[in-house]
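The chain that follows stands alone, in the form predicted on its own, written as structure tokens.
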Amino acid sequence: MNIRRAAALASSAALLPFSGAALAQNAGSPANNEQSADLRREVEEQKQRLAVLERKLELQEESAKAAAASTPKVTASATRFQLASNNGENFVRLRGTLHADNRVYGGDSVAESADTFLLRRVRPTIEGTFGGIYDFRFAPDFGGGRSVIIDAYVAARFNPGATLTVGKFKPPVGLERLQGGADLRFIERGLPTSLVPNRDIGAQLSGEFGGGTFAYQLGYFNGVTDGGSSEGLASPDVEVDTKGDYAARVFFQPFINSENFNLRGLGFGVGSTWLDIDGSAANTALAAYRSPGQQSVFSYRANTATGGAPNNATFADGQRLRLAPQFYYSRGSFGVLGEYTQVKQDVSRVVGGTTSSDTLTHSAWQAQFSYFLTGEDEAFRGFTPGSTFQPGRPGTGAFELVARIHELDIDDDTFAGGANSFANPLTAVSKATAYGVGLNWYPWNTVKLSINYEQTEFEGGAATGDRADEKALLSRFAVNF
């Protein structure tokens, strides 16, 4: 029983004697009519007082509800630190990523001095939502001895089929690139990711239909090199020419809402970018590629001038088209991810007044497999250990085995022409094929320990023919919340 109802009942009870008296008077002689009228007036006055009291109580209840609605909700758990309005439509969340790595190399392909500890990612992140519609994210990165803004964007979710995002974020192309650092199965991303954009500044329209069965992204960006981000441009975070990069992606999960659990985890699609860019010997607008052990294995010919104007460098000179078909599948504890990426790039090189031009096509692919030994369900994004590990308590956390094969293939025409070639075959490899295995341990929702072994075989890239195999043992202690 609430306060208002209790007060009403009490007031009604107080009126009963007066009502009874009035009825009794009415049953008497006419001489008592004046006294009955007085009693009726008192009853009416009591009713008015009761109405005023009820309204005051209503106002008090409304005020209490308004105060409760305006009281912020603070959440501090093992996976979330958040300050939110009572209705959940407005919140600010603190997140963070810390990846502390170690790299050790065997064989003759890498100098012994390359063995190192490093902070691969150090990313304090603030994100949130206003009005239940407008999202934002701000994430700097202090890893690798640098300070850079990797994410800074706002997004308006008008409806499930139309979200507008503006700022710096990941263009919608490579599948593994679109995975967050916490969801990666391997310490370093596969070779196809070397060919797609990392982060760029632009605008994107995206959405999904049918409960996620179909999703799309359409974007227009400044344009970055393969595997690059906009802070690496000649003028950091500023477009280098007047021609932006168009990006598009469609993705299907046709059985995501099906009762057939064997097919629910299937997703497939394709991403692409298109750009017409004019580079120069001073600003080549071309990328270099790294091995799975993060060693430089391919770059175009650079300037040979020791003074004066830049010369002899290979540079982008025309269209660049990326195409990236992709898929993933998960069923129970098993998951697989596959993607193929191709980039076609018009390039030129000027040597001794003679210009050489060509369209080069580089490609890369990977097949990645994962399996939870402890029975958890695999997923493209997000997973929860079935138990947690704390000394002296039951539970081991989750253990996951991973394996992959991936390859990078450089167009043979890149090395044609001897000294006039676009890349030097004595230093740049023409193909890299890598085999990797690893073990991930998740002792807690936000903690991950990983160890990977990657062996990469090369074609070309050395004065004597093929570069020696790279043998890399990588480990990581990660905190992601």
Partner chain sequence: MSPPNWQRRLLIALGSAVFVGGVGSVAQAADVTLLNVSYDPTRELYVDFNKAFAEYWKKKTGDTVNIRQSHGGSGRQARSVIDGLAADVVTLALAADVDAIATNGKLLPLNWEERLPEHSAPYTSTIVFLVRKGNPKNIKDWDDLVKPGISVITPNPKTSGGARWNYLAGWAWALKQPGGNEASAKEYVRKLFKNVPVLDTGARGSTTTFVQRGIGDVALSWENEAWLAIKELGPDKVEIVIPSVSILAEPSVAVVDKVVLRRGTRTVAEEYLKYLYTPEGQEIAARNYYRPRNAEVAAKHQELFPKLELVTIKDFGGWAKAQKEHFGDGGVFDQIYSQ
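Positions refer to the first chain, counted from 1. In this text the structure is predicted, and so the values were computed from the model without any measurement.
There is another form of the same protein, the form predicted together with its partner chain; it is not shown, and what comes next is about it.
Contact annotation: of the candidates Ala248, Val350, Ala155, Val336, the single residue with a non-hydrogen atom within 4.5 angstroms of its partner chain in the model of the complex is Ala248.
Exactly one listed residue, out of Tyr371, Phe209, Phe142, Tyr220, brings a non-hydrogen atom to within 4.5 Å of its partner chain in the model of the complex: Phe209. Stretch 319-327 is the contacting one of 174-182, 319-327, 394-402, 114-122, since its residues have non-hydrogen atoms within 4.5 Å of its partner chain in the model of the complex. For Val270, a non-hydrogen atom is located within 4.5 Å of its partner chain in the model of the complex, even though that partner is not displayed. Although the partner is absent here, Gln342 is a contact residue: one of its heavy atoms lies within 4.5 angstroms of its partner chain in the model of the complex. Contact annotation: Ile451 falls outside 4.5 Å of its partner chain in the model of the complex, judged by heavy atom distances. Although the partner is absent here, Val437 lies well away from its partner chain in the model of the complex, with no heavy atom inside 4.5 Å. Remark: all three candidate residues (Gln48, Arg55 and Ile133) come within 4.5 Å of its partner chain in the model of the complex, counting heavy atoms only.
Contacts between stretch 178-194 and its partner chain, counted in the model of the complex as any heavy atom lying within 4.5 Å, involve no residue at all.
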